[in-house]
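Read the single chain below, which is given as structure tokens and is the form predicted on its own.
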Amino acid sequence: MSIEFSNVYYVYSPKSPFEYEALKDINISLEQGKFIALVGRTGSGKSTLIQMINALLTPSKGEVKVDSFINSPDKKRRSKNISELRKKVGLVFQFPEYQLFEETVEKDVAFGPKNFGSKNEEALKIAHEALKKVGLDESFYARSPFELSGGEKRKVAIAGILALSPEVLIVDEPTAGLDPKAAEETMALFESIHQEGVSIILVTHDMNLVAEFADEAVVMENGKIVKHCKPEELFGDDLSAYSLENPHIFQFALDLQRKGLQIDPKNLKNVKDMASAIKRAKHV
């Protein structure tokens, strides 16, 4: 499912003292099946942009095309079946566990399928399959979602989105507030979902995640897209201009390089890659 922004602008509170132009002439095409990182400082326009993709927001000018769906301020061009779009494009907000509301885990995950027309028994079956995908077995079905750990709550919230079988999954700061183990499990989950053919758009400040998981990086600044490139083409630039930092692995490799070890920092995604690079460099 391809995504295309054409001359998109968005203005909050137009014609008021609080008018603010959040997006300015956005033009970008995002290919199906990619793992894309969307980065930039707070207030750069990232959250506004992702809400355009499943039509939670409508452009002030321009249009967003997601496959055959069109999100446009022109009512004649705007697609009518927006509910189908939202089924295909799942949006996991930051701290999605705050949106849990049902009395049991399985009921919470089954809510989406039921809302889109599935009968109760079918919805529960879909919910159980989604919970299995996120690593929660039948012992969680009848539990209250409010009694779970932070990482488990987040998995339930993600399962609720997966229950709709999205083709695109947008995740906003998915590791925020999680301990390192839960954060690692969460990213492993998204990687496995991506391997099944689902496009992932990851909104993050964590450039370590960008280095390890992303195929492409999109950098936003002041409501504009200033870079769209492979992650390794981004690292090494003065990222402080966008309130970002180089990944730890990249920075460590640069330090080793300065000490004479022949390592190419742009080919490293994680600690395993770093260990292999050091081993090779020592045998040169």
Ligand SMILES: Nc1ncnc2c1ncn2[C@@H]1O[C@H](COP(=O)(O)OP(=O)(O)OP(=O)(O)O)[C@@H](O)[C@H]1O
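One rule holds for the numbers: they count along the sequence shown, beginning at 1. This structure is a prediction, so every number in the text was calculated from the model and none was measured.
Below: the form predicted together with the named molecule, not depicted.
Screening E212, E167, E173, E152 for any heavy atom within 4.5 Å of the named molecule in the predicted complex leaves a single hit, E173. Site annotation in the predicted complex: the residue of R86, K114, H205, H128 reaching within 4.5 Å of the named molecule with a heavy atom is H205.
Using a 4.5 angstroms threshold between heavy atoms, S44 counts as touching the named molecule in the predicted complex. Taking the partner from elsewhere, M274 is found to have every heavy atom lying beyond 4.5 Å of the named molecule in the predicted complex. Proximity of S144 to the named molecule in the predicted complex falls outside the 4.5 Å heavy atom cutoff. Mapping the unseen interface onto this chain, T48 counts among the residues with a heavy atom inside 4.5 Å of the named molecule in the predicted complex.
Here the chain stands by itself, but in the predicted complex one stretch of 35 to 43, 224 to 232, 249 to 257, 60 to 68, 35 to 43, has heavy atoms within 4.5 Å of the named molecule. Residues are counted as partner-facing when one of their heavy atoms sits within 4.5 Å of the named molecule in the predicted complex; in 82 to 97 only Q94 qualifies. An increase of at least 3 Å in the separation of the C-alpha atoms of Y98 and P180 is found in the predicted complex, compared with the displayed form.
Between this form and the other one, the CA-CA gap for Y98 and A182 widens by 3 Å or more, being larger in the predicted complex.
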